[in-house]
Ligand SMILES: Cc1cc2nc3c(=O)[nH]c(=O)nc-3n(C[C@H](O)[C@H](O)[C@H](O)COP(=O)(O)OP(=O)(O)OC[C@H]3O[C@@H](n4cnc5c(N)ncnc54)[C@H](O)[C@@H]3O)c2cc1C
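Only one chain is included here, represented as structure tokens and corresponding to the form predicted on its own.
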Amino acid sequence: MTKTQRTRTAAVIGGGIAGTVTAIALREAGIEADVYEAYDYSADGVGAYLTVQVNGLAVLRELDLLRAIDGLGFDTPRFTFHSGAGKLLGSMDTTGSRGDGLVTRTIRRAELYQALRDEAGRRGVRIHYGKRLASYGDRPESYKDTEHADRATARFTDGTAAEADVLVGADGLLSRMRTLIDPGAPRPRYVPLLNTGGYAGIDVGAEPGTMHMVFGREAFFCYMAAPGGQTWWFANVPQQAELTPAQLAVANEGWRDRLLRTFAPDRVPATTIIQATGDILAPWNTYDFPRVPHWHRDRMIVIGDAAHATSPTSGQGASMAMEDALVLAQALRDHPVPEAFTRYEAARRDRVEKIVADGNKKSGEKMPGPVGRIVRDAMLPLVFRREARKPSTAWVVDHRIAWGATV
């Protein structure tokens, strides 16, 4: 009689979008996945909103998750770009050339978290809160050549531990898992911009379904019409020196006034929208990772922002994490560790690093200086006319991953 093969397990560190989608994908691959989240359940309201591009939505479709987010947020299939003087510089379609019915969607981060987490629970994923990763340990030597061989242990700061076949670090920009894999891992690279945003209780007549991007005289501003008469917005404000948490707290005290002064020279509705916003999000630094040398070691691996954080300018953070989740689950479904990790990295590294580089380049275009602004505003109409004929970003949004494929 053949001994029954035990179910493989995974401990996913981090309960955000990357971790939750990964756990769901691993369950689809026949791997029992638990999620360990550092924060308490009460931290659900953290964050503003995000845009899920069509390549990310395609992943959700492969995992039958689109129905879980049905009715959340609103479609944003078009970008328009304006100078601070209000001149239209060009426009861009965000749906790509696939024509498969998917449309870029903008969603409140907390609502997306909750929808994915609830669906994960329905599919048998257990989520453990208040579990901050402290260290990692292999199984003791006495377990070698037994049914427990080649398993790993995640140890948490509350003294508890979780044992699994693989540990997946989906713990974000400040990933603890990344430093456990490689103590010499680089720090995130500071991108000299502060981020902020909010929800204004005002309708400024913006075209529905369009993200209106403004290259202002001193900073970048984006606004869009949301259902119900609201206007959602974000801003990127130049900040050459990286600010500490204490400095960010000080900066927040006069943040609304600073934003109003920053956008006062621009002939767009930025100041009207800022004035009509009840609670403006406190400013936060922008970071990315040009390259994380080591994504995996032993039975540990990092994905999403822990491996390749990209500037928000790319608009691909959530979608890249969703792609990671699907490819990692495919690799672990079809191959043993460490081959699965090697194949996963080979399938993902070039693509994500190219997107990180592109996002960093676009961040730099938001703060070119007086002469650079003139050149940029003169050149962008030509760029967008060329984009209309042959989109240079089609390789990003047209990317599709079939669940049935082998990595």
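Residue numbers here begin at 1 and follow the sequence given. These numbers were taken from a predicted model, which means no experiment stands behind them.
Another form, the form predicted in complex with the named molecule, is not on view; read the next lines as being about it.
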{"item": "Heavy atom within 4.5 Å of the named molecule in the predicted bound form - residue from 190, 199, 136, 113", "value": "113"}
{"item": "291, 267, 126, 132 - the one with a heavy atom within 4.5 Å of the named molecule in the predicted bound form", "value": "132"}
{"item": "Proximity of residue 256 to the named molecule in the predicted bound form, heavy atoms at 4.5 Å", "value": "no"}
{"item": "Non-hydrogen atom contact residue 74 with the named molecule in the predicted bound form at 4.5 angstroms", "value": "no"}
{"item": "Distance check, residue 10 to the named molecule in the predicted bound form, heavy atom within 4.5 Å", "value": "no"}
{"item": "Close approach of residue 397 to the named molecule in the predicted bound form, 4.5 Å, heavy atom", "value": "no"}
{"item": "Options 247 to 255, 225 to 233, 333 to 341, 318 to 326; stretch whose heavy atom lies within 4.5 Å of the named molecule in the predicted bound form", "value": "318 to 326"}
{"item": "Non-hydrogen atom within 4.5 Å of the named molecule in the predicted bound form for each of 82, 216 and 273", "value": "no"}
{"item": "Residues within 4.5 Å of the named molecule in the predicted bound form, restricted to 177 to 210 and counted by heavy atom", "value": "195"}
